[in-house]
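Take a look at this one chain, the form predicted alone, written out in structure tokens.
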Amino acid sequence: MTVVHVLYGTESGNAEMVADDIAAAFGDQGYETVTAELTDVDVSDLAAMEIAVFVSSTYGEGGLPETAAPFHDALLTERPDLSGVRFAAFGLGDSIYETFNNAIETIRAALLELGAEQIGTTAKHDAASTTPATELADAWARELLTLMPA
């Protein structure tokens, strides 16, 4: 059975809520899921993950949330070979900022640089929109499921 790891970085808890929704969508389709905050993930464990879904909010003027920054720093320092890792990315941000959804792009760029392969397109929720993040997360996860191995 394919295990999907849903890993999130958050400041206020919104990314955790979205991570739970994404995990539920995968769980509903029979996938085993593991949800964890990025502070609890060792970058050396990434290579063993078949599929990882990264969820991150953007903090302040485009920064990583406090719970994602140490993970990102470790990625760039330890530089694990992620050539066998497939990942998806979901960002949360507010389009009133020039650096809208910059944090997920920062994580995504590091993963690609280390050899990981992205599945699907990066979802970018806009807090300035009328669409709830959980609604977008559910629709995005269901579309992502169509790209997953049977």
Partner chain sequence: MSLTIEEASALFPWNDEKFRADPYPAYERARAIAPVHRTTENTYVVLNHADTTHNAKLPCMRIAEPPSFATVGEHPHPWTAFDNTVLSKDAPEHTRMRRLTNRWLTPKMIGTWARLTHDFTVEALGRLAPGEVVDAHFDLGVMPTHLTMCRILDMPVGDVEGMFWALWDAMLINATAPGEGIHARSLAGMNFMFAETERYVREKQTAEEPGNGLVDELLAAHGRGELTWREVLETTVLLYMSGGPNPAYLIGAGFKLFAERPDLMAEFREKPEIRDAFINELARLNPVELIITRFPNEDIEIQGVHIPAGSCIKYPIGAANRDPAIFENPNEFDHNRPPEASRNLTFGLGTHACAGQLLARAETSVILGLIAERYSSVELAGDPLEVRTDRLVAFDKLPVRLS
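Residue numbers count along the first chain shown, from 1. Every value quoted in this text rests on a predicted model; they were computed, and no experiment measured them.
The following text describes the form predicted together with the partner chain, which does not appear among the structures shown.
Only one segment in the set 26-34, 83-91, 54-62, 114-122 has any non-hydrogen atom within 4.5 angstroms of the partner chain in the predicted complex, and it is 54-62. Heavy atoms of Ser129 reach within 4.5 Å of the partner chain in the predicted complex, making it an interface residue. Remark: Ser12 counts among the residues lining the partner chain in the predicted complex, judged by a heavy atom distance of 4.5 Å or less. At a distance threshold of 4.5 angstroms between non-hydrogen atoms, Asp45 is out of contact with the partner chain in the predicted complex. In the predicted complex, Met17 approaches the partner chain with a heavy atom inside 4.5 Å.
Contacts between 87-108 and the partner chain, taken as any heavy atom within 4.5 Å in the predicted complex, involve Asp94, Ile96, Tyr97.
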